[in-house]
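Only one chain is included here, represented as structure tokens and corresponding to the form predicted on its own.
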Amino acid sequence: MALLDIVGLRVETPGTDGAPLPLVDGVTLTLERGGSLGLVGESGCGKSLTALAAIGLLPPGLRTRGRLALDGEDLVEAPERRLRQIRGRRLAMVFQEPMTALNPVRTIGSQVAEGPRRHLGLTRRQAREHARAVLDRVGLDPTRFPPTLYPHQLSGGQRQRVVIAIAVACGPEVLIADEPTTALDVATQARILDLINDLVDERDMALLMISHDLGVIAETAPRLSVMYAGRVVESGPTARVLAAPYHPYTRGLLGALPRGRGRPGAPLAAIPGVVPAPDRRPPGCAFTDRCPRSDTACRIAPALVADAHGQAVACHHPHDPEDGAP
């Protein structure tokens, strides 16, 4: 049994005509105990909404449908009281912007200690000592960064370490990292990714790494799912998907990566257009208006079909790795 099992997940909001408007449309993801999965796509593709649905923190007015289970326990129908018991204890999240994730008027130590007091039943003193140990483990030596500091007294990378400390303080089984290196410089980004990988390995956690950066996913997750306009359009072993992508969208994302070669100052390749808003998605394949391979067949939504290697694609005209055409 999968540890985190997401099948046919839909996140809906009321449309202008009153009918449900899908923001996330039929997403299926599976996380095994101790495994890591990357979720990649442009902003507006539904990655963060998928994560917020998994942890039960969707904004008011949005509705979740489909199967969303933690170790077999249904989270879609679980009452808020039960979700509060699970969040932080068994399922935790590293948010992408630490300055909004952290409380500016509370010390970092008190914020890390809050979860252990609530979930582990520690006394105030025990929780303080536990927080010191966790902050030390994430690279904030208490002799240099005492738990009495406030978030504004730390750099962006240090604040992100505090957010990670809060997430892992109670030893969760599943860690969701939503763009954990946003706005960090390259060196700090590498250190944060190394820290997450180390914590996942030593604590045998399952990791869902969300990013718009394929390079980040390549460093953290052996399996990858690509989302576009609320749907998974390609998935499979990360190395295989990145080496020979089938979907034109995945190829476009790879084409936009800086390669460190070529003419200095040359512009990066770009996918024309933008991700369509949920109420403006074309019928059939949502990538149709941006795809160089689209034709009338694309008016019907393609199913996600896997090959013998476990690489799946939702496309009527998938790329043949031996074909040099775009």
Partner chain sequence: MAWFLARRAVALVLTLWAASLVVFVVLEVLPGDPALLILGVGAREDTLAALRESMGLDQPAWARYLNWVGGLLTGHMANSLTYDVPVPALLGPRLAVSGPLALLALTLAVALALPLGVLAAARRGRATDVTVMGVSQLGVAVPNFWLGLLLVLVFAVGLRWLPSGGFPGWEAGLGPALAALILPALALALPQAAILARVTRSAVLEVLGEDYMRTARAKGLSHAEALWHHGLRNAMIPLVTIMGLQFSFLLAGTIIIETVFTLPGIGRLMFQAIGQRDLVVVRDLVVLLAATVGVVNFLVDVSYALLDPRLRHGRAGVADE
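In this text, all values refer to a predicted model and were calculated from it rather than measured experimentally. Residue numbers count along the first chain shown, from 1.
The discussion below concerns the form predicted together with the partner chain, not included here.
The putative spot formed by 52, 87 and 166 is fully lined by the partner chain in the model of the complex; each residue has a non-hydrogen atom within 4.5 angstroms of it. In the model of the complex, residue 186 stays away from the partner chain, with no heavy atom inside 4.5 Å. The partner chain in the model of the complex comes within 4.5 Å of a heavy atom belonging to residue 103. In the model of the complex, the partner chain lies farther than 4.5 Å from every heavy atom of residue 125. Among heavy atoms of residue 57, some come within 4.5 Å of the partner chain in the model of the complex. Among 248, 172, 115, 180, the residue placing a heavy atom within 4.5 Å of the partner chain in the model of the complex is 115. None of 129 to 137, 76 to 84, 219 to 227, 203 to 211 except one has non-hydrogen atoms within 4.5 angstroms of the partner chain in the model of the complex; the exception is 76 to 84. Using a 4.5 Å cut-off on any heavy atom, the residues of 154 to 171 that reach the partner chain in the model of the complex are, in sequence order, 155, 157, 158, 161, 166.
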